Structures are given as C-alpha cells and as structure tokens.
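We begin with a single chain expressed as structure tokens, specifically the form predicted on its own.
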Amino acid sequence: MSLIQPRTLKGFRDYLPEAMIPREQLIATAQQVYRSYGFSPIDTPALEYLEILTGKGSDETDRQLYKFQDHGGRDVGLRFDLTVPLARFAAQHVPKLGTPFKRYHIASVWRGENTQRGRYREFMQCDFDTIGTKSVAADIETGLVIHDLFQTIGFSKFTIRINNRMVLNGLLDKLGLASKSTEVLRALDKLGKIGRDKVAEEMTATAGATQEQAEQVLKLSDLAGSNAEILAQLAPLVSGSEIGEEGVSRLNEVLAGIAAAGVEEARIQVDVSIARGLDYYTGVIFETFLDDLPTIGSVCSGGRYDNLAGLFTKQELPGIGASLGLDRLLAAMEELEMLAKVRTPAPVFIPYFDGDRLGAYLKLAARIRGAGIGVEVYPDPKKLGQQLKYADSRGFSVAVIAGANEFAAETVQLKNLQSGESEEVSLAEGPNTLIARIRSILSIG
C-alpha cells in the first residue's frame, strides 16, 4: 500500500505548540476582558441552513461561502462570521433569555477567499455583542471593551478608528445616492487597500455615481485635525439630512462617554472614510489598527446592526458588537516580536535519571503541581545531560534535579534554565521552601 502524502489544504494550517500556546493565552485574555464587562459565553453550530447565511454579509461573502448539501439533501453552509449566527440565535433564544443580552463567542469561521498575510480560509473570531438595546451606553461600552482588550494583551500603541454609518448614509442621501448606498460604501471600504482613484472608478462603474458625486464622497478622507475639528468640518456636509445629523450627534456622545471613562483622546480617532464592508451595519462602526504595523489592517472591527435579527423575528432586537481577528493579531504580534518562543505550557521540568525512583519523582511533581504550578516529568530514565538538552529545546524555565545523593540528603538542585544558575533547596520540612523559590524565579505571587 502506498503512503498518503501528509499535507494541508491551501488556505488552512496546522498549529504547532509554539503557535498554539500564545493563541490560547490570547483567547484567555479575551475571555477575561469580556467577562469583566458582564458578557456570557455561548456557542452555535459550525453548519447552518444556507438561507440563514446567504444575503446577510455581502455579495463577496456569499461567493466565499463553503456550501453543500448534507446527507438529508438540505442546503447548508459553514458560517462565515459569528454575527449572522448570533442573529439567528437571538431570534430563537433571547425571548427566553431576556434583554439586554450580552454574549461572547470564540470559534472558527470559514471563507473561501484568497489567502494573505495573517489571513486563512479557516480562522478564529473572538466576538462580543450586546443585543436588545439602542442605548448609546452600549456603543460607548463597545469602544471601552476594545480599548481594554488591547491594553490587557500588552499593546501600548494602537488606534481605534470610529465612524457612524448614519453619517455616510446622510451624505449619500444629500448626493442622491441613497439607492446605491451598498455599492458606494463597499467601494469606500476599500480606500486603504486600493487607493482613492480606484475607489472613485468603482463608485462610477458599480454604483453609477458621477465623477463629481464620487469626489464628494471621497472628501470624507480629506477631513483632518482633532476629533472635535473633524466633526465640525463634517457637520455642514450632512446639514439638512436628519439621519446624517443624528450620526454626527451620536459620534459626539460616544466620544464623550469614552473620554469620561478615562481613555486618552489619542487612542480613539474619528475616521469618516471607514465604512465596514458588511451590509448589516446601521450605526457606529469601529476599526482597530496597530500603530507599529498599520499595513496588516484592522485587527478588531465591529459596529451597530439594528436590523439583522429582523430577518428572523418580528421582535425588535438591535445589536452592537465587535470581533477580534485572533489569527491576524497573532501574525502581527509575531512580526513585532511580542511572542515568546515557548513549546511547553508547563514551566517546571523534572528530569528522571534515577531509574529506581520514579515514584519519588512523581510525588515531587504532584506537590509542585498542587501549588498551581505546571510540571513535566521526563518519561524515560536517560542521562541527565540529554534530559536538560530536551528541557532547553522546549523552553522550560526551571529544572528540579534530584539523584540518589539529593534524595538521601532530602534536597534538590533548583536550576534556572534561563540564567543557568543553580541552588540547593532543602525538602526536610516539606516542599514549601522549594515552591516559594520556584515562584520567585517565575515571578508569580
């Protein structure tokens, strides 16, 4: 029998321990921040009825859908994001759960798109959303969660760009382009990728806008200054449009609320050229960029979508939320050298080189593990040098070394594998002294 060549599909990837460990740490950080604001975890199936997914994002996401017939002959598709399944979930369950309902959802999604840096056809999103309120407080809180999330991850230089689709829709209404808003906004959303001229061409080609109308829309990208100055320049552009004026007013309220919570003004920036490509956004929108790596694109995006659940229920279920692009952010952190090269989640290594004392090694490991510190015991009684070489290759922080002489004297050798320094620690009165020394080396309380 010939061997099958081991390989992964294009656009998909395996995660080795050194990639998966920081990935799980990032997920844990997102969970911590989301829970601190009162968001509860949910999960939904990877497969949905095709009618649930199609026509909810954009023509592009419809093309990228992985879709097929299941064994029962039903048309189904793999979810392309976590927001559309949330709309279905909300229509189905929120009447029993009550509103406002705050959820987070961390799971894989699939899009058959061209691969690019930090982007794969299967990728993980870390979403949080508030369902059942149109309050500006929920808009403000969304910005605060994004801010706290990036601070907690360890970024000191990032910018949250903010806009409101009502501002854009108000301007399009004034320009007579309201009926073509979807096409115009999709083109505008590509401004950072394809440039001003190409966006103008797309607006005229797909939306039927005149060159003058396209230029009027693109004036949004010319607005500059502080947030207050940009909003002051924006006001006359949407003057006379009720929805546009409401959008400007709402932006002012969100900025004031975020500032009241202590966020520096430099961290949040009005950018009235961002549109978000998905069709379901209706109000405030957010995009987050890393100041040291802006070319990787937005690493956390979202906004308000007040009509999405209306496709599934007559109950009004407005929503707002955002999604952390986990894999794109990890690619950025790797490029910025923010990820430690660690291949083991346990910081402590115990070599097993006295073949008659496996039980003693396991007992010692259990005591350290009982104090909440991860420990790995080597499985085979090989030479100590071989085992320490293994420990170095895996990135352990500390080795607890004991042979016949140490067991007889009720001591161990504690070796800091980063500095190479060793010290003798007594076990005569139990493991507490050893555990305290390990905690000190690992800098944990």
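Heads up: residue numbers just count along the shown sequence, starting at 1. C-alpha atoms forming the largest set that superposes within 1.5 Å between two forms make up the rigid core. Source: prediction; values computed, not measured.
Form predicted together with the RNA: not shown, discussed below.
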- Query: Which listed residue (E113, D271, D306, D148) meets the criterion of a heavy atom within 4.5 Å of the RNA in the model of the complex?
  - Reply: E113
- Since exactly one of E406, D62, E48, E376 fits, which has a heavy atom within 4.5 Å of the RNA in the model of the complex? E406
- Query: Any of the heavy atoms of R35 lying within 4.5 Å of the RNA in the model of the complex?
  - Reply: no
- Could you tell me if Q31 has a non-hydrogen atom within 4.5 Å of the RNA in the model of the complex? no
- Query: So, in the model of the complex, is K190 in contact with the RNA at a 4.5 angstroms heavy atom limit?
  - Reply: yes
- Query: Heavy atom to heavy atom, is S301 within 4.5 Å of the RNA in the model of the complex?
  - Reply: yes
- Looking in the model of the complex, is the RNA within 4.5 angstroms of a heavy atom from every one of Q5, G385 and Q418? yes
- Message: So if I measure heavy atom distances to the RNA in the model of the complex, which of the stretches 35-43, 22-30, 66-74, 376-384 falls within 4.5 Å?
- Response: 376-384
- Query: Superposing on the rigid core, does the Cα of T206 end up 2 Å or more away between this form and the one not shown?
  - Reply: yes
- Task: Please check if R186 moves between this form and the one not shown, taking a CA shift of 2 Å or more relative to the superposed core as movement.
- Result: yes
